[in-house]
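Only one chain is included here, represented as structure tokens and corresponding to the form predicted on its own.
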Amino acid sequence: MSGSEWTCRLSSMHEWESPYYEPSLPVSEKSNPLTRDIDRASAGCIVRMLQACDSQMFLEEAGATYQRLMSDEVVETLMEVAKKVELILKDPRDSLVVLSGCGTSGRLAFLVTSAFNRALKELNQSPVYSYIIAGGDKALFSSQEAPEDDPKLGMLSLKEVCEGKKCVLFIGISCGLSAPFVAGQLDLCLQNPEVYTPVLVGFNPTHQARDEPIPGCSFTFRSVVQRMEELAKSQKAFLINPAVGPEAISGSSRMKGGSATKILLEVVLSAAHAAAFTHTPITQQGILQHMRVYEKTLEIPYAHNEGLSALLEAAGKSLQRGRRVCYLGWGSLGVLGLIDASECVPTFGADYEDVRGFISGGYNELKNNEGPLGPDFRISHEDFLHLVLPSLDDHDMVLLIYTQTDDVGDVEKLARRVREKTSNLHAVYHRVDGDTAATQWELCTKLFLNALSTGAHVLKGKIYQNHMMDLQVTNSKLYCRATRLLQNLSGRPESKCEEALLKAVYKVDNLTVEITSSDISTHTHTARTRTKVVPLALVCLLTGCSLAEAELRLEQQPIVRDAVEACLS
């Protein structure tokens, strides 16, 4: 991409805010004007595009359509929630702060609660934080998306965690204000105000909250949000929902949505801890100052654009050759490696073995609620040495992720073992620099790994323009996303797009009455064992060919955009 074209792209920073830009889509589902041709970009250009998208998180509010991370209203709400946490920290008896979410949101709930419970332990304080993730701890490392559609499961899990508690601050995270699992939990809080104070974190304006009926429930996500807005006037509920702009890869909320979630939660809990244990008052200036630190942190991974571009290209080549990328991490950075790897399967239709994460100490380091999760979830460095290392060669990429505070001797020892099998070994290393906090290392690492895995899958041909084409259609959110995507790319009516999607899910050229009369949960259950559902449906829509012919075309040309354009030529 030439300099003039890139300048043109950067001039599109605010384009998504226009009321005429993809008006039917909520912010979190819009495509980002900055990345329209990311599937045709070089590794270096992909990195610049991702940097530009990430910088949208901290755009100023002046003249903006939506409130931002540092808008007055957002900062004031963060202060009030921090004060609620402070009260619990000062008197933790029968009290709890619960963080809950689905997919990436749930994984970050786990990461943040682990860090702040650790901080309490260092102060000889009892832990007050608990996490919930839809699908249980297996969802920390794999796609468990069906539970996201179950509000009753959400309620039940919250009741179990809070049994016997008299004061609970519940923070439900749903980037798109859409997850039924979280809606059920918020509804439970609203029904029991004497125990629960609900907080919702997401990145769409409230009028864009999902309004589709939830099977078996009398509420929608939007109706829950509307009840919370009413209670927010008296500070009995709180909404934290700044817009951070569309994702670089449309709908991939693991990226900006995940980063902004981490920032907001850590700002709130850090302010509360400072107030409770060092008598530092919670102020607007303090919150903004902490936000500015994160804004500066955003620059760090992209200050090494050349190195990141080279790593991205190396990872892309490994995936193109059908080989793998492995993250070997220590401490919380190792957890981020596990998280990033787990997200590649549902986002890109990747194989579980394509990108794998491993952490020093395994489950002993992780300290998750359910402990070791069985043979399908082996996550320690020892597991890597026994199960993966023997089959590696120079086409596989291995990335070490550590800090100056980790056992460098242990890192060197592992590196020597890896070098015996592959020269394709790299490292991301954080030095302790002044007041740099672990949370900053974590955000840097998250941004770096997100860029690496996203760019590698773009180079492999898993993206069409800037859309996830090979996403798994395994819950109602993804089913709706897939239908909208087919509409957007084919220009066909919604009914025709849904029809093509169902044919690809059920692998039939003619839909039966049994299929068309089934509900979405039946369709998404069937789709769990299917691959290339959306690409197949799109090729069928554009060409009118049979499924067998579409499969043949995609075998001949696995890069989705090239396959589609071949159909149209």
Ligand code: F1P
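For clarity, every value in this text was computed on a predicted model and none was experimentally measured. Sequential numbering from 1, following the sequence displayed.
Below, we turn to the form predicted in complex with the named molecule, even though it does not appear here.
At the 4.5 Å threshold, heavy atoms of Val267 stay clear of the named molecule in the model of the complex, well away from it. Although the partner is absent here, Ala179 lies within 4.5 Å of the named molecule in the model of the complex, judged by heavy atoms. At least one heavy atom of Asn475 is located within 4.5 Å of the named molecule in the model of the complex. Although the partner is absent from this view, Gly251 contacts the named molecule in the model of the complex, with a non-hydrogen atom inside 4.5 angstroms. Contact with the named molecule in the model of the complex, judged as any non-hydrogen atom within 4.5 angstroms, is confined among 152-160, 98-106, 390-398, 191-199 to 98-106.
For the options Arg378, Arg222, Arg481, His381, the one in contact with the named molecule in the model of the complex, meaning a heavy atom within 4.5 Å, is Arg481.
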